[in-house]
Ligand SMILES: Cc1cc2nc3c(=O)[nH]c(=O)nc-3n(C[C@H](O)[C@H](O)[C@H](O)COP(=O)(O)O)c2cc1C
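Just the one chain here, the form predicted on its own, laid out as structure tokens.
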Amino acid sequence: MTKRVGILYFSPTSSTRSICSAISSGMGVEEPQFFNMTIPELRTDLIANAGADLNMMDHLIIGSPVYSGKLPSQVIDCIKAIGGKRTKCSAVVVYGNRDYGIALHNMVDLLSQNGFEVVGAGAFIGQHSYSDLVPVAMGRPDKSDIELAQAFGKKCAGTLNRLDLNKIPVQMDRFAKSEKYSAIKPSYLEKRCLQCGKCTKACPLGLILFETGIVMTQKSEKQCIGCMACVQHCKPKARTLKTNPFVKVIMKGILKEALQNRKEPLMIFG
């Protein structure tokens, strides 16, 4: 049984962390060591100091959400900077019931190229970032998702063979093909803002000024990945997901299938 399990995760709204924790539980480990890639300062510390701790793990669960069918660039940069030194790991992506694009394939490829030995890969479902606009995958991961994540973890703990990259299917659409991240930006209502700083602390890119709650610059606003962490943490609703009727119609069309049909996790092993 695997004893030293680490969770290396990027999880702005906690769905990815929840899935990864369930996988650890399935491995028989209730208190894994967490390595947080989500917040800029933590990523910096992780890259500078956590190499030794990561290499001491018997197994790493590496988790990331999917945006526009791709891994966030912050996750890519962090994994490249850390390196694996033949550490066994499970690759996990979490998507909003539409599709996972090239994210899972790219994660396995990235980990393999940077010294990790991937024995299992999974694409799990979490509530869609735009669920305030179109209610897709509400409440997920749910009880069934957690149970499947635990089963995935149990299988990964007993798997020794390295996963063949060719086993990982891709779901290629125009979003996955594009090098850009197409994100809807949250709306900001200054009169509701209490300057509590919660959105600043939650933003995985560090784009929001603590003193005012305003995005730093127009250039930084374009970097927003649409994770909606700031919206989730804003109790006075100064940050909301609102858009014009035209964009809302387009999004309903893009997410129509995801709204109507429940998808189940994909799990692949070495």
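These numbers come from a predicted model, not from an experiment. Heads up: residue numbers just count along the shown sequence, starting at 1.
Unshown form predicted in complex with the named molecule; subsequent notes refer to it.
J.: When you measure heavy atoms, are S15, Q127 and G226 every one within 4.5 angstroms of the named molecule in the predicted bound form?
T.: All three within 4.5 Å in the predicted bound form.
J.: Considering G84, P186, G96, G120, which brings a non-hydrogen atom within 4.5 Å of the named molecule in the predicted bound form?
T.: It is G96.
J.: For S11, is any heavy atom within 4.5 Å of the named molecule in the predicted bound form, or not?
T.: Answer yes; at least one heavy atom of S11 falls within 4.5 Å of the named molecule in the predicted bound form.
J.: Residue-level question: is Y67 within 4.5 Å of the named molecule in the predicted bound form, judged on heavy atoms?
T.: Output for Y67 is yes: heavy atoms within 4.5 Å of the named molecule.
J.: I'd like to check something about S182: if you look in the predicted bound form, is any of its heavy atoms closer than or equal to 4.5 Å to a heavy atom of the named molecule?
T.: Result yes; S182 sits at the interface with the named molecule in the predicted bound form.
J.: If we take heavy atoms and a 4.5 Å cut-off, which stretch out of 144-152, 159-167, 68-76, 84-92 is in contact with the named molecule in the predicted bound form?
T.: Looking at the partner contacts, the answer comes out as 68-76.
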